[in-house]
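Before any questions on binding or motion, here is one chain by itself as structure tokens, the form predicted on its own.
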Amino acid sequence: MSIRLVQVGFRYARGLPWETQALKNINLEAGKNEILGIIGPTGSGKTTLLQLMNGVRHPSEGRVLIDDQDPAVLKGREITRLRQKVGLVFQSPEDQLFANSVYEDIAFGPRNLGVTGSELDHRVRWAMEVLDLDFEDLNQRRPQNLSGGQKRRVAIAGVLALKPEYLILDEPTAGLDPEGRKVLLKLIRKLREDLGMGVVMVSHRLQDIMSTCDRVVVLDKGEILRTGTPREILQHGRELIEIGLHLPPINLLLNELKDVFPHLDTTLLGPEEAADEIDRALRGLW
């Protein structure tokens, strides 16, 4: 099962003089047990695409199918159940945290679906455990008093407690320090590996995308420019720079060195691989 977009287009202010085409000709599939990364310059349509995948917005053209169901034609409980399959976490955790305690914040979504009693308590504890949030220490704390990384994980836990099959993350590491980013990306991989969940994440930090995702989609001007594994996408590093993206520092260095060493592999992930490749290139001079 999967989320599929078939010839999808989306227009803001449709039919008005200031109508804007945000997306066009999008054909894309996001499967379970996969982490799909979406990258692109500002205004390329990334957030709009996420909202279509969640059913928050409906396409102006084409169809979005969540496990072969079209949210645009569903109503009432049917659309509620379908949207429950796809959890969306906003870029700013403050947009989702409003209760007086972590427990109440995480419990809000399941409670609205009619979950009560021991099952509700189990879901809150389970979601906190999955995201390495200490229940005894944090469940009665005010979300507003937590660190940035903790807030982000509580926001994700609130969606995870709904037991979605897909999780959509908009800039999940924005504003976090290096350690916070490292912890969160590890937990995102855990959702795929331990729960078999499908994860879609948007990030302006290509380093996070390339180190975490199984597959990457490059958006530019509302269209898919490229799709492939992180290494396949990094083969086109200079193209990414031309459309306004910032390569991970290691890959930026490798692309600069390619003028001197034409056979240099610019798709390497991490400093150790890059150091070995540069050493190999230098030895070729001797």
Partner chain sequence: MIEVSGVSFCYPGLESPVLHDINLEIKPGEFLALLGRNGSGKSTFTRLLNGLLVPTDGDVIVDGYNTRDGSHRLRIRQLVGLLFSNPDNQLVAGIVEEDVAFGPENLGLPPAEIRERVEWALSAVGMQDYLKHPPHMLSGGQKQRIAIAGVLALEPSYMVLDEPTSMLDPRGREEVLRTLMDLNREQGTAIIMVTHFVEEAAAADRVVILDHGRVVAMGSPLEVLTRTDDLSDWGLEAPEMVLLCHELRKRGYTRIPMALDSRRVAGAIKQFSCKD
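Predicted model, so just to flag it, every value in this text is computed and none were measured. Numbering follows the first chain given and starts at 1.
What follows is about the form predicted in complex with its partner chain, which we do not show.
- Of 175 to 183, 97 to 105, 68 to 76, 194 to 202, which is the one stretch near its partner chain in the predicted bound form, taking non-hydrogen atoms within 4.5 angstroms as near? In the other structure, the partner sits against 175 to 183.
- Query: Among 86, 110 and 126, does every residue place a heavy atom within 4.5 Å of its partner chain in the predicted bound form?
  - Reply: No, none of 86, 110 and 126 comes within 4.5 Å of its partner chain in the predicted bound form.
- From the list 256, 29, 61, 232, which entry has a heavy atom within 4.5 Å of its partner chain in the predicted bound form? When its partner chain is considered in the predicted bound form, the option within 4.5 Å is 256.
- State yes or no: in the predicted bound form, is some non-hydrogen atom of residue 246 no more than 4.5 angstroms from a non-hydrogen atom of its partner chain? The answer is yes: residue 246 has a heavy atom within 4.5 Å of its partner chain.
- Message: Can you tell me whether residue 19 touches its partner chain? I mean in the predicted bound form, with a 4.5 angstroms heavy atom cut-off.
- Response: Result no; residue 19 lies far from its partner chain in the predicted bound form.
- Is residue 13 close to its partner chain in the predicted bound form, meaning a heavy atom pair under 4.5 Å apart or at it? Flag for residue 13 set to no.
- Would residue 262 sit within 4.5 Å of its partner chain in the predicted bound form, counting heavy atoms only? Contact with its partner chain, no.
- Sequence order please: the residues of 245 to 284 with a heavy atom within 4.5 Å of its partner chain in the predicted bound form. Sequence-ordered list: 246, 248, 249, 250, 252, 253, 256, 257, 259, 260, 261, 271, 272, 274, 275, 276, 278, 279, 282, 283.
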